[in-house]
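Next up: just one chain, as structure tokens, the form predicted alone.
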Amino acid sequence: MTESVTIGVIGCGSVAQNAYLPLIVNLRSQGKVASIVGCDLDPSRLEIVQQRFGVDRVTVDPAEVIDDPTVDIVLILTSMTEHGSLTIRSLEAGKNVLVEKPMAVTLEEGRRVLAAADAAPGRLVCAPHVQLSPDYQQMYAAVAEGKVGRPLLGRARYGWDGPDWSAWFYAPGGGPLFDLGVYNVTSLTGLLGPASKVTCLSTLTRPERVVAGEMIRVETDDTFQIVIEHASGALSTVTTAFGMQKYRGAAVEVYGLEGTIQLMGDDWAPAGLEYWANEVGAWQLIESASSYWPWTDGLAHLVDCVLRDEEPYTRPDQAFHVLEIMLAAMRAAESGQTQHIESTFEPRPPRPRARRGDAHRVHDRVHEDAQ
């Protein structure tokens, strides 16, 4: 077993500063992380992360992180179009890798990522990490154990008004499906299994937006309604947009012949479950076990896997399957024709349930270390 790891962070913007780096500081306080290397094209960001998070070394060159023999895990938090190439380079250098969603923006590049992961000694974890939350796992176990009967339908949604800090969200390779809907597609394929077909309608509601104080032209559709046919025969829908103002209610629902189960909040920020069983004839409210679960948990999971020499729970083949679904949905919206999905994956069994007390202690450490 390795005692601690060095993490190289490529991309030190808002996602790193507001989410991943506080988690890394927490892991360092536990003795799991020995040092942190930061990389960003903007030197001012590197100054910030050194001051706020005690990053040990910094560079503006990703190659210096990837080729550094002391770096055990490469964390890729760049713009989406760079994910695939940086992941491949890191895997080929023998690193363990966590790449933010999506793993790539084209199917061809996604295949190269999978091939590199298969050939590499390191592990690959692909965001989003929704399947690691205790609430998701409890929902998944209920569906897998037949508590709602045979699943017929699923529904998921995630959207907001859209980012105003970077134009690449609205350029080709961006958009709400890659940024937001990817959570829902991951959740639904995890709960209902791989997809066989997908169709979609999409539209552009705001051709121009103000981003970073400047008016830009939006080059991607910003509103999507997706219908997925799963190999199991179940159907599901995903609603996602850069224009949804507010919503309330369940983030993810599964309807079965004998009941219904709902994940409240958002799938990346769960807020408990609601469960209807025909044999009971009443709604059962299940308090959230994910109150302090961070959506960055995939990194903590990868660190533990490296330290224990174990394989991650989440697998790259599902991330590739999700990528194919999203790209097929875009083609379906453009062509008006249902698209067939060629890839598949083998669903994992539910994980052992996390202890609520552990979640509280992790939250306390993160909160204290972030001060």
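Sequential numbering from 1, following the sequence displayed. In this text, all values refer to a predicted model and were calculated from it rather than measured experimentally.
We do not show the form predicted in complex with a small molecule, though everything after this point is about it.
K.L.:
Which one, 86, 250, 117, 299, lies within 4.5 Å of the small molecule in the model of the complex by heavy atoms?
P.N.:
Partner contact (heavy atom, 4.5 Å) among the options: 86.
K.L.:
Exactly one of 72, 109, 222, 100 has a non-hydrogen atom within 4.5 Å of the small molecule in the model of the complex; which residue is it?
P.N.:
Contact check passes for 100.
K.L.:
Sort through 186-194, 225-233, 166-174, 109-117 and report the only stretch with a non-hydrogen atom within 4.5 Å of the small molecule in the model of the complex.
P.N.:
Selected stretch: 166-174.
K.L.:
So in the model of the complex, are 135, 258 and 286 all sitting within 4.5 Å of the small molecule, heavy atoms only?
P.N.:
Verified in the model of the complex; spot residues all out of contact, no.
K.L.:
Is residue 11 a contact residue for the small molecule in the model of the complex, using a 4.5 Å heavy atom cut-off?
P.N.:
Because a heavy atom of residue 11 falls inside 4.5 Å of the small molecule in the model of the complex, the answer is yes.
K.L.:
Could you tell me if residue 42 has a non-hydrogen atom within 4.5 Å of the small molecule in the model of the complex?
P.N.:
Yes, contact at 4.5 Å.
K.L.:
Taking the shortest heavy atom distance, is residue 295 within 4.5 Å of the small molecule in the model of the complex?
P.N.:
Residue-level check for residue 295: yes, a contact with the small molecule.
K.L.:
Against the small molecule in the model of the complex, would residue 82 count as a contact residue? Criterion: heavy atoms within 4.5 Å.
P.N.:
Residue 82: yes, in contact with the small molecule in the model of the complex.
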